[in-house]
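In structure tokens, the next block holds one chain alone, the form predicted on its own.
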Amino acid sequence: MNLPENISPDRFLKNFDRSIINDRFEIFKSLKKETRSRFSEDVRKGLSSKKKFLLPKYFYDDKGSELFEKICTTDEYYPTRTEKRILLERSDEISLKNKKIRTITELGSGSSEKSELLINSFLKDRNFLHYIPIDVSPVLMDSSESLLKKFNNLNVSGIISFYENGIKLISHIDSSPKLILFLGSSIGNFTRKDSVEFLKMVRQSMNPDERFMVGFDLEKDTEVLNRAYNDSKGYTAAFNLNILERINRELGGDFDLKKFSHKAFYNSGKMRMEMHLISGEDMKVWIDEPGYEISFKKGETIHTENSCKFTFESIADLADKSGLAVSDHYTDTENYFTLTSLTVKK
């Protein structure tokens, strides 16, 4: 895998370390200093706000990624198994509808378990496929190596980075038409306004031959939703609390995790699940980097995540505002979830 001739190496690698593992596998990694500095700035901004918050993208360090994989196996958490079922049933159809595409890129690839179903279908009809996963966690390394062992005619260019930086790198790695995946209902973590901005960002990197496939969690019974984010094994609670543990480990915080508790509930007025961490007492917390103290009152919350729910009408409206158009919906029989294929609006 060589650099494109019209891209200078300095510009191409400015914010990334590139490692060639072998002739089928390369890794691009955001410079650690840049990532850590950004984490510190976002934590300070969130915890210094009148209504404290932390960005959900910081859930996914190594431990957080492991916990999320466990959440996905619980009886209560329906999105993963529902989306997987859709892919099992419709991947061949998706492949046939995208005959010109020989490159799949994925935002937030994780274990690549679901995308593997698409890769398998695409390789039935093609003699070669290029997979470009993007994830903040180094778990991407293990999942990529596993895919390479299973598929001899697959090449992988992994990007360990946040979406914003990673998606800018994709066209420098491969300029051919792509199927861009954003699975797992992660779009729901954004506010409606931020969803539009995110989709616009992806839209700017797309050409008319490309497709953007997004997982949307649809509106459903409130009891089903509340159970999904309060699993009986406590994995979601541990996942939520791990963001404080990460601050302790990486930024020198002194959060006592025993003094915080997990709370998740459906906010029907805003059509979203909300996750919070609740302070069990009045306290002060010190964070070494860059050096400041945060005060908490008993019962005060840190808002850690939203998970918005959608209707087919709201998806179409979101796409339209982003310069995109709905091409296809791939749904389950209960209409719990949809994989929606988006194209550049003409």
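Values in this document were obtained by computation on a predicted structure and should not be read as measured data. Numbers follow the displayed sequence, beginning with 1.
One more form of this protein, predicted together with a small molecule, exists but is not displayed; see below.
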_Partner proximity in the model of the complex: G108 to the small molecule, non-hydrogen atom cutoff 4.5 Å_ = yes
*Could you tell me if S171 has a non-hydrogen atom within 4.5 Å of the small molecule in the model of the complex?*
no
*For I119, is any heavy atom within 4.5 Å of the small molecule in the model of the complex, or not?*
no
_So in the model of the complex, is the small molecule close enough to K114 to count as touching (4.5 Å, heavy atoms)?_
yes
*Among 160-168, 248-256, 92-100, 263-271, the region lying within 4.5 Å of the small molecule in the model of the complex by heavy atom distance*: 160-168
_Just to be sure I understand the contacts: of F68, F296, F28, F310, which is the one whose heavy atoms reach within 4.5 angstroms of the small molecule in the model of the complex?_
F68
*Please pick, from V196, L129, M206, V136, the one residue with any non-hydrogen atom lying within 4.5 angstroms of the small molecule in the model of the complex.*
V136
